[in-house]
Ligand code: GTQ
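The form predicted on its own is given below as one chain in structure tokens.
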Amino acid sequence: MPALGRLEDLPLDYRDELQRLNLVPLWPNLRTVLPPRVPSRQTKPVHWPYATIRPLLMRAGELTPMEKAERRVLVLANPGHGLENMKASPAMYLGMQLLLPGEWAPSHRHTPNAVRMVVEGRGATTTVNGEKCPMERGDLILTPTGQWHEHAHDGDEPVVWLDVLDLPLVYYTETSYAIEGQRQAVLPGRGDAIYAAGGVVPTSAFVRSEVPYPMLRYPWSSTRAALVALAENQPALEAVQVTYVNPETGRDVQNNLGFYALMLRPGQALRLPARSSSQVFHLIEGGVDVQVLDSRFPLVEADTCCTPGYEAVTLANRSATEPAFVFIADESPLHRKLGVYEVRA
């Protein structure tokens, strides 16, 4: 592509007049906003080992009581975006959140969508619009946009989960805010029980359009069993992966981010083709090596990493005898809505 004129090539008085009138010449900036073939990206490959996060999170529990924190979280920030911007990728925020025995994180609702992937511990619950969701390792729990939610802990050990929000996107559009609320009354019924059987939904589901998120908790025990069954029934299948979906519509569980669980067979190496979306990988079980560009991340259980878009990623199970299980989050639903989603071989 031919070189374009530079800003400094323009006379100073002309530049000053443009600035005074809040005008910017496009041609010196065109290659920045429309680079050839591959977008410019700030997202860097980053690995957040849980072994280094956990002691700092537990110390945060000692240093900061819940009434001073409201949500006790260490943000997993990507240095490519600047740590102060608290982004893992252009549209994803990640945070490790701690709840100690006896604590209650007060009820609020906010415009960003959120999910919780439980990392460790038992005895905590998340109540979403009156539905009380138990939190066990590997469970995925939704707290969608505008839904009241709070966290409580009646157990005897710390509970930690990974928060994934579309906060960077909602903040960028100047629509991010929260409203505080009172402790919720727990209502009867749980979506994970009603929609427990695959391929079977209540008949009322076909007329109950006023419930946009009928299932809020996706138990890991069910997801893991689905992956194992898929691997056993389709031995030639290369990518043993399931997508978390709305059981009534079959669409992604939330508006802007996609969530998946992947099983790697013993000894398997899987190449994921380059796609437009950034990806987050969180290891639930096993040991997996993640290779992207010149970076290699040896994930152990509860580790998290992020990879930029438009780059192929290889996942390799280090065990020759046991499967490995990975939780994945990406921005593909947003990209599809924008019409920019791509997969490159």
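Computed from a prediction, not measured in an experiment: that's the story for all the values here. Throughout, we count residues from 1 along the sequence that is shown.
Just so you know, the form predicted together with this ligand exists too; it's not on screen, but the next bit is about it.
Considering this ligand in the predicted bound form, the lone stretch of 258 to 266, 242 to 250, 190 to 198, 103 to 111 in range is 103 to 111 [heavy atom distance within 4.5 Å]. A heavy atom within 4.5 Å of this ligand in the predicted bound form is found for exactly one of H81, R71, R122, K132: R71. The partner is absent here; in the predicted bound form, the one residue of R116, R275, H153, R217 having a heavy atom within 4.5 Å of this ligand is R116. Contact check for T223: every heavy atom lies farther than 4.5 Å from this ligand in the predicted bound form. Contact check for L165: a heavy atom falls within 4.5 Å of this ligand in the predicted bound form.
In the predicted bound form, this ligand sits within 4.5 Å of a heavy atom belonging to Q97.
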